[in-house]
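The data below hold one chain only, encoded as structure tokens and taken in the form predicted on its own.
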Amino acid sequence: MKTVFTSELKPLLEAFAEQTELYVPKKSGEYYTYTKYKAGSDEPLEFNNIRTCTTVKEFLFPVCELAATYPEPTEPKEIRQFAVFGLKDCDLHSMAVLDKVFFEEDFRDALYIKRREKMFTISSDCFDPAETCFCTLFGGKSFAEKGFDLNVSKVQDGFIIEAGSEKGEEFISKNSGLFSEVPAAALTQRDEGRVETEKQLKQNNVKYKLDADVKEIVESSQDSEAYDTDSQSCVECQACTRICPTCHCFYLYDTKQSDYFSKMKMWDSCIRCSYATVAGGENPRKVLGDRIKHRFMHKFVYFMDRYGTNMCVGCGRCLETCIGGTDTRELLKKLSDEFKTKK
């Protein structure tokens, strides 16, 4: 795959904005969110050091969308080509998780698949990670190795652009005038920066390192009181599941319009008290601690059994949004310590 160099980021993004819808990170207070980029805009460009607070899930799996109508079927809205810049390795891993769910045979989600096909993915290296980032606990990195069309690495005198797909190669070839050969010093600087960021991530999470496989730890925690203890600070706001880039539960909501019925697909949350309620009003998970346990079992056990990977990418968004101050790493460490005493 091609690797090229550019001294300025703006011409690269302008080329995208002229051809397709482009979304870029924008600083809002302490955090980054995504905004639509307009070709020819004088707005300063942001190169986000970490993942945005909003997730890539929102581009592929909207909070609410029309799923079906009756009696006449409705043609879905046209899904146009779009590009997203500034995605991180944890974001790419989260898309791989969602792909397993929405591309699964017999359960293929046509709208998700179409958006995925129309998306051009531009990832970028992390630098100066937040204290809440813990991707390295689950095999993540500060830079992407796969799952991108283009990856951008910031160095002292410009940006290294690496193609990761045929679409990425094609873009570089069509816009070859924007690029030059990569200086050897720039590659060295990029690699050294990646190593330093990796060290910082590992240092930030050294006390949370698990002593065994996370699936084994969580699977053995069925009788742990840690979930009930953890639930004491939870206010059931469901922010952890809403902001999680891999949580994908939804429910179908029926509405009656003037001359037709519609079925809406909306995000749901396993933390919600009535989530598990069945016919007759029975609820096997009325207790909050049981719902938190179920969430951990789904992320680290059930999903692993079904798809061969866990659902947590270590992005840290849940830590930043939790009103009660719950830290996923701390709960996992408690469970890990309990696991050691059982052996």
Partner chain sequence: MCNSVVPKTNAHECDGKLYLPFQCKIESVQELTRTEKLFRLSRKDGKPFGHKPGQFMQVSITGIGEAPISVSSSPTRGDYLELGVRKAGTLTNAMHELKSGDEIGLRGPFGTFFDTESMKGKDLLLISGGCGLAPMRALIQYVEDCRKDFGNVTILYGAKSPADVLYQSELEQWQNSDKLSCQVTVDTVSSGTCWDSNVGLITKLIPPLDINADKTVAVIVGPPIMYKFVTLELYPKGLSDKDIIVSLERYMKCGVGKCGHCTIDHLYCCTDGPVFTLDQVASLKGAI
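Just so it is clear, the structure is predicted and the values come from calculations on it, not from any experiment. Numbering follows the first chain given and starts at 1.
This next part talks about the form predicted in complex with its partner chain, which is not shown.
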- Message: Which residue, Lys215, Lys118, Lys141, Lys265, is the contact with its partner chain in the predicted bound form, using a 4.5 Å heavy atom cutoff?
- Response: Lys265
- Note on the structure: in the predicted bound form, the residue from Leu252, Cys237, Ala96, Ala185 with a non-hydrogen atom within 4.5 Å of its partner chain is Leu252
- Note on the structure: With a 4.5 Å heavy atom cut-off to its partner chain in the predicted bound form, the contacting stretch among 174-182, 155-163, 104-112, 202-210 is 104-112
- Task: Would you check, heavy atoms only and a 4.5 Å threshold, whether Gln232 touches its partner chain in the predicted bound form?
- Result: no
- Query: Is Arg242 a contact residue for its partner chain in the predicted bound form, using a 4.5 Å heavy atom cut-off?
  - Reply: no
- Message: Does any part of Cys64 reach within 4.5 Å of its partner chain in the predicted bound form? Heavy atoms only, please.
- Response: no
- Can you check whether His298 is within 4.5 Å of its partner chain in the predicted bound form, heavy atom basis? yes
- Message: For a quick test of understanding: in the predicted bound form, does each of Leu137, Arg291 and Cys322 have a heavy atom within 4.5 Å of its partner chain?
- Response: no
- Task: Output the sequence-ordered list of residues from 122-140 with at least one heavy atom within 4.5 Å of its partner chain in the predicted bound form.
- Result: none
